[in-house]
Ligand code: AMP
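As a starting point, one isolated chain is supplied in structure tokens, in the form predicted alone.
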Amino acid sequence: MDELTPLAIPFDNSYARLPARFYARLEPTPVRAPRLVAINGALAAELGIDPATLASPAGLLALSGNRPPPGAEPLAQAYAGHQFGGWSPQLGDGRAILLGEIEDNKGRRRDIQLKGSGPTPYSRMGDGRAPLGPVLREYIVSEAMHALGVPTTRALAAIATGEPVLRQEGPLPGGVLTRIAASHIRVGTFQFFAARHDEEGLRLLAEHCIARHYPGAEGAAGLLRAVIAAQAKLIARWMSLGFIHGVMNTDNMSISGETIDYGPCAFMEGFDPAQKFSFIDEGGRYAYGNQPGIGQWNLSRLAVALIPLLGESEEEAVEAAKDALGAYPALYDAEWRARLSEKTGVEDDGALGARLLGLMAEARADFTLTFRHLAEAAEGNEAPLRALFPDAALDQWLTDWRAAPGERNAAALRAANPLYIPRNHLVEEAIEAGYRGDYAPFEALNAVLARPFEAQEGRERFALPAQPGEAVARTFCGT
């Protein structure tokens, strides 16, 4: 394929068929000298797109935003949201443009979005661009989450723009991420219409989400219950991996139940329920241990937004909202227990898992390696696990663990507990090298993280916590 032959993508853009007040139509802003950093060939194949065409000159033009493919209907979505608890009635895609939608090889509708593609009417004085570092971070972490079995947006491609992006720390190389999602509809999208008392917009949006994500849901109440169930399950999976999202604003919570908007996200090493990394989360609102409760709070904002659709009277609607929200704690707890049961090999784990977490917090034991080393303990080798704790700290717990009902099968424990996660210092190493034009660390890290449960010979350093001087204390959004 030459540069003059446009990239062929079979778009079918359902969101663009909604009324004009749902979005702003505009083209991405071209970049000066786009260069391909990465193509996700496996994901391209899922989407029915030939990876070779994405890597062609025409593909580079499309992925950089310089020439959207035929059939694309570029738009920036409107939404509102609560950011760190404060209400913002007008947000929207400030540095992202939805090119359109396609059906993948399993018949699932997927968005194709460019992130870092230039200013939009929702940029709020921003430049609409992204430094290359946050693009590489989202690529690494979102693909790692997919490999870990967590619902997530995906990274199809990363592009270096050849243009500087000005931030507080000075000029940085720019980048564009091509993001794939079940949709980019958020809790904040519903809040946008509710705040404007636009009941027709709410109804159209709810109908769109039901048809697209939850076809079995009956009306707005069914949609609310489905989103609550999906989010309870998602957040429990985050917690089971020591993942900290960092910016759980309502505009960063996806209706589809996917993890979205990887900004100052991070994986915890030494276990601490109060752990946070995000530079902007000064009060720890979105710390690790707060995530389940924040999830419920965000969902309560969705319920409030849906009140006009939940009943014929306000009283009926409020009761429907309360009933749906009341299910969240049990849904979350059931998923959390299921994850702990898999991770410890103990049936219906609850108290035993909680005790282990308490011991981990006291010792600041590495979250990932503690659970991973349970496999060796099941085979009779307790030394790797005990090395993470003070002398004798695990004696009684291990005795009770061995006596508890459950198989404690080493292979099953390894299948439930990853050896490799995107450790913060490795992500930063890949980003810093990427800023210098060296993508070898980025490629090596992605290769390891694609098989997180499988020990890989010669890759031992990727499983180790940060050494002195390597630890990353703060992470940044990149906006």
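In this text, all values refer to a predicted model and were calculated from it rather than measured experimentally. Numbers follow the displayed sequence, beginning with 1.
Keep in mind the form predicted together with this ligand is missing from the figure; the text below concerns it.
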property	result
Contact residue in the predicted complex, from Asp349, Asp251, Glu269, Glu101 (heavy atom within 4.5 Å of this ligand)	Asp251
Heavy atom within 4.5 Å of this ligand in the predicted complex - residue from Arg124, Arg108, Lys322, His197	Arg124
Partner-proximal stretch of 331 to 339, 86 to 94, 287 to 295, 155 to 163 relative to this ligand in the predicted complex, 4.5 angstroms, heavy atom	86 to 94
His208 within 4.5 Å of this ligand in the predicted complex, heavy atoms	no
Interface membership of Arg167, this ligand in the predicted complex, 4.5 Å heavy atom rule	yes
Residue contact check: Leu309 to this ligand in the predicted complex, 4.5 Å heavy atom	no
4.5 angstroms heavy atom contact with this ligand in the predicted complex for Asp261	yes
Contact set, 128 to 160 vs this ligand in the predicted complex - heavy atom within 4.5 angstroms	Gly128, Arg129
